[in-house]
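Just one chain is shown here, as structure tokens, and it is the form predicted on its own.
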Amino acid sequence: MFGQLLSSLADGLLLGFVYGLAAMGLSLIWGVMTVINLAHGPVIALGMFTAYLLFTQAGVNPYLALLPVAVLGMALGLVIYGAAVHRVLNAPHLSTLLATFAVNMIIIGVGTAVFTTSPHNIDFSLGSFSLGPLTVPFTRVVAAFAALAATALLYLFLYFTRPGKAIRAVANNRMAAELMGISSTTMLALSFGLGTLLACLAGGLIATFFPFTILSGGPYELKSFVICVLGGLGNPLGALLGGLLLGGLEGLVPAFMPVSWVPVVEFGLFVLVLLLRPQGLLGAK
């Protein structure tokens, strides 16, 4: 019993790194431009299908496929920003919600027509390893390290490069940044592209261990909202911590109650954090 509990917890925590990566994209977009991206779920699904097509049609290793997945994510984010977000950025929040929801429906509609809603999967395994009572699939370990690497690269970019510092300046005070010669439009587009890139990367990693359809991004979008509230909206590192908490919770809850209770516990925690600490665990008051 203890060995099974330990394996479930480790499995959940490793999955939590990928959850955190997915939520990081949502958190980054909110933190820089105060936009709730309702196209986040379908973008995650597009990352899954890009990795799937590269693996099945071109024979590319799923982990090497993450590089073109990232490039596609950045390009897609720039297109979505220019076509749907930029013109309504300064409008009421409902306008940006409707704009990104429209993108959500377009992606799902086109994806359903192209891929149908039949499940797909990447038939790829790295085996597993055992450490005492603990048994962990290698795909989860590789995905966790990939998520950590992406987080580290994002941190280095935001804090040690000129464009990253410009993004932070625009997030802090857009008008002051423009007075200093920073193009806020360019930085906002870059931020949206990075957020979409992270979502696609997370989708590519998730596709290596779960079957998926064009609708599969929806549950991960909901988890991303919970994670962002846990870690603090606009805080990418908080998103990683929130992902680990949610992953650990998903690993532990099924050991004590039916799996169907997992979303109940997750969203109960979501409401509890909103009531007691709305700024999140790492958010500033």
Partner chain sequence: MALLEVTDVASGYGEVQILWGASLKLYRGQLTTLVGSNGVGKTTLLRTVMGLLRPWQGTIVFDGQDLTRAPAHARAKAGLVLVPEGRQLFTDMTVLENLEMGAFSPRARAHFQENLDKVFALFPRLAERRGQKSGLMSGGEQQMLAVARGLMAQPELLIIDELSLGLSPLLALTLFESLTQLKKSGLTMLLVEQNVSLALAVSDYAYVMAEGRVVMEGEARALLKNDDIRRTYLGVAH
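Worth saying up front: this structure is predicted, and the values here are computed from it rather than measured. Numbering follows the first chain given and starts at 1.
One more form of this protein should be noted, the form predicted together with the partner chain, which is absent from this view; the next part is about it.
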query: Residue among 187, 122, 80, 146 with a heavy atom within 4.5 Å of the partner chain in the predicted complex; finding: 187
query: Listed residue (85, 76, 182, 150) with a non-hydrogen atom within 4.5 angstroms of the partner chain in the predicted complex; finding: 182
query: Interface stretch in the predicted complex with the partner chain - options 135-143, 173-181, 207-215, 67-75, non-hydrogen atom within 4.5 Å; finding: 173-181
query: Touches the partner chain in the predicted complex: residue 166 (any heavy atom, 4.5 Å); finding: yes
query: Contact test in the predicted complex: residue 159 vs the partner chain, heavy atoms, 4.5 Å; finding: yes
